[in-house]
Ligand SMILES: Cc1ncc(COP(=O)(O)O)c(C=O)c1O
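Below you will find one chain, with nothing else, as structure tokens; this is the form predicted alone, and questions on how it binds or moves follow later.
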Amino acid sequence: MIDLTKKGYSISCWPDEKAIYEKMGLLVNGADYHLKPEALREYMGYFEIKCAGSKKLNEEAKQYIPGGVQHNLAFNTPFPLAAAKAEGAYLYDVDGNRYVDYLQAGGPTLLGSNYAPVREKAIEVISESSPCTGLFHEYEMKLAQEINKHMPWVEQFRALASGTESDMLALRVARCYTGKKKIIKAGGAYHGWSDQLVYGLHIPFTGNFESHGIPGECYANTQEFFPNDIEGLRKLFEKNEADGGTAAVILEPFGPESGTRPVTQTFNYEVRKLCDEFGALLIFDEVVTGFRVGPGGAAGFFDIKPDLVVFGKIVAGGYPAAGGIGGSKDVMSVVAAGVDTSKPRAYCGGTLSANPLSCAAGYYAIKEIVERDAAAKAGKAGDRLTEGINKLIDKYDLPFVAWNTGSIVHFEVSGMMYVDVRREDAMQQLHLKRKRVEEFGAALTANGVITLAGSRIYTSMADDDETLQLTLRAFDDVMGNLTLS
């Protein structure tokens, strides 16, 4: 069993995955709970009246930017909000409205947004060296040393500019190191938007459903298995033995989509054994979980040594150009620059990778996260928030499902990602359930709470009694305005 008492880690209890899957099945196939028409009009009216500046900016931006925003997370209903200020646990829009910030830039700002001690150090470094020179900088080494200090299995670290790039390179390194070609992922997991990994996205066994604009040969060697299905994974390994072999299994260690589909306590151990048996590398995608769940990330929490760890977001402390991969010296040797070209090399580049700004911000952010026990503090906030949401679910007798792994809180109001794509009406179900999630998320925003896509919350060290009370009042208001079709 997993040790849930580890100092510095955010997870105090393990989600009951069997109960969650059972409840999600009932939610997906049950009655359609939605906002009362009059309540929906009132919530949407908030945006028209209170967010006129954001609406105006978005309309103008649409002339120059596809859809009016540059990032998928900003596509909020009924229109994207334009941020003016971020500080601690709060975001402020251009109209002066304040929101509890559970987006936290997609997860990296575990210390809270715009954390002053890190910001001051980052400004100090770039004031002297500029944000980017193209030459080696001391903070490249200091960042790698700090990661190794807390994750000794990451003997060497190569910085990149995003999580997507990092996942791409991890696959290339795995193939180069093993000489094999097949990559297996858990269905529904997100590993960035590269050609090879836009496969089985969001919902298991959707294969190339979202692979528009990608030639089939790009994902010909990408495979998926259902989360927790160890026998299904073994069959893929056995099948691949006669067809180029399996280079690696890539996982989000707590389950696809940051644990939206939770895994059993033994899942990662069983995958590790299979990788060893078939000579494949085990890649932990820790773009979200690295340092957020604790100083050693998911690998440290599980006491499992992956062959490669993928980083993003947090290794630059929420500053631009955040990403990288790490592992043993032996595995990482295939990505080394400027040495022994007689061996096969996994080529990678990136002019802005490992720039002084990113590396300094990451170095000081990680130091602060560990010294301030930020992961554990954020985890306690996640526990309290989840407990409060579940009490409200019971209060209103709703079929909704809420759980958390420390500071990563899930609340499902429609079960969109659990729709069985084999259903004849799958597309209609997906459209309706997505609409319900968007409406619920918009209603929370109108109550002063911003979440990730209306179904996920990232707590931070900055959360306190005030933010939690504001949040639970918002959930109470929205749940009290739901009705059945």
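As the structure is a prediction and not an experimental result, all values here were calculated from the model. One rule holds for the numbers: they count along the sequence shown, beginning at 1.
There is another form of this protein, the form predicted in complex with this ligand, and it is not shown here; the text below is about that form.
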167, 252 and 313: each with a heavy atom within 4.5 Å of this ligand in the predicted complex?
yes
In terms of non-hydrogen atoms within 4.5 angstroms, which of the given stretches 392 to 400, 287 to 295, 151 to 159, 236 to 244 touches this ligand in the predicted complex?
287 to 295
May I ask you to check whether residue 192 falls inside a 4.5 Å heavy atom distance of this ligand in the predicted complex?
yes
Counting only non-hydrogen atoms and a 4.5 angstroms cut-off, does residue 262 reach this ligand in the predicted complex?
no
Is there a non-hydrogen atom of residue 163 within 4.5 angstroms of a non-hydrogen atom of this ligand in the predicted complex?
yes
